[in-house]
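Shown here is one chain on its own, the form predicted on its own, set out as structure tokens.
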Amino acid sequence: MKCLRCGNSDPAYFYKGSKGYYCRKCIRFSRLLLEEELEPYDYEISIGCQEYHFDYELTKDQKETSKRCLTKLTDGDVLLLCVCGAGKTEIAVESISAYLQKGLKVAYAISRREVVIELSKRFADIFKHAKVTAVYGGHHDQTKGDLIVCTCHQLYRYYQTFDLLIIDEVDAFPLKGNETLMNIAISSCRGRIIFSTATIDTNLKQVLKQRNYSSVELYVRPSYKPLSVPKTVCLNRYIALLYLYRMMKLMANQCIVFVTSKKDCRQLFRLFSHFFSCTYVYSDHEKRDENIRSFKQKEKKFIFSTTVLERGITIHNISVIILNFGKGFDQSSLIQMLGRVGRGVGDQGGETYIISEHYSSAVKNTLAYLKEANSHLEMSVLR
């Protein structure tokens, strides 16, 4: 027995109900009987929808990387490995256009709902003649379009549908370590996949071992400025609070303060809101969108956040402080958080700090990654 949708073949996860056997590993996406046949989701692509236009000029490196990516797709999948802020979305546009021109189906999948909303608007501006459809939890009445932008969870609706699937932030929650969801994502594609990320973890390596792929890398941001290497200090929790207060007092920029739990998020907000203009956010906060908006509009100077803001958000001239306590963040999260700084052209960038209980391997590897990426930048500038 094998589930067509999630690839599960473990007998322990199959249950015989009144209508036959079904897979319990992916049942939350809908009950799928083993006897049922899944079919590609059929819809038409509009003529001329491939035309695209940027309101800004891509850099020479972005253009070269974009062409390499499209070329490599003729041979197999692509691992698009770019530093944070290098413009992975823009790099994928030429490939998207080439597939749409042939009348083929394309999807851009990413983990978080708010990023889907933001990206769908960006793609609508880039592909002005295309119907860009955003599909995410609570917003799936319309599931057809020229370009589908969706959360990874919504890919279960599109079995063997896409000729090109871009999975962005493939190393992030909820895909990270979730074999079932990854298999569902892969099963939605009958053609090529672009695995887009800034870092490669063990889980992604296992997925790539089973794929025929080529790597396309870009270590240069459009600004040609180096990635910010954080000042790292090791302090216990109580001394860290005093150190944080001092830093916030001296901070000129807006700042995201990343914490490891919702509890810390709430407690630090209650404490520091007596002294500073601040707000807070975590994934299931009832005022999440409102609080993020107030920070983006510069109504608040500081925002305490869990990993919900580690990806898919660009705010000019911000600083980042990471409180790496408790279980601590892994390397991928640390790199993404620090990557919020200095993303845009003309962005002056801010300061970056890691305050940690101990000098963990994740912190050590993050610093090594940033220095290595910056060495690639130096070589690129010298070319």
Partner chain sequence: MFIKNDPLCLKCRSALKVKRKKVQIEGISFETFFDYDGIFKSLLLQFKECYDEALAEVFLYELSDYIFMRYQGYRIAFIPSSEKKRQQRGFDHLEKIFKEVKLKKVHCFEMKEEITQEGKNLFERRKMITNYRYTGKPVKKLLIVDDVVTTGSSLIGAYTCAKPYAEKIKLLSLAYKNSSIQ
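Just so we're clear, the structure is a prediction, and the values are computed from it rather than from any experiment. Residue numbers count along the first chain shown, from 1.
Form predicted in complex with its partner chain: not shown, discussed below.
A.B. asks: For the chain seen here without its partner, which of 321-329, 27-35, 42-50, 58-66 has a heavy atom within 4.5 Å of its partner chain in the predicted bound form?
C.D. replies: Of the options, only 27-35 has residues within 4.5 Å of the partner.
A.B. asks: Quick one: does G17 come within 4.5 Å of its partner chain in the predicted bound form, counting heavy atoms only?
C.D. replies: Yes - in the predicted bound form, heavy atoms of G17 and its partner chain come within 4.5 Å of each other.
A.B. asks: Is there a non-hydrogen atom of Y369 within 4.5 angstroms of a non-hydrogen atom of its partner chain in the predicted bound form?
C.D. replies: No, Y369 is distant from the partner.
A.B. asks: Can you tell me which residues in 280-315 come within 4.5 angstroms of its partner chain in the predicted bound form, by heavy atoms?
C.D. replies: Not one residue comes within 4.5 Å of the partner.
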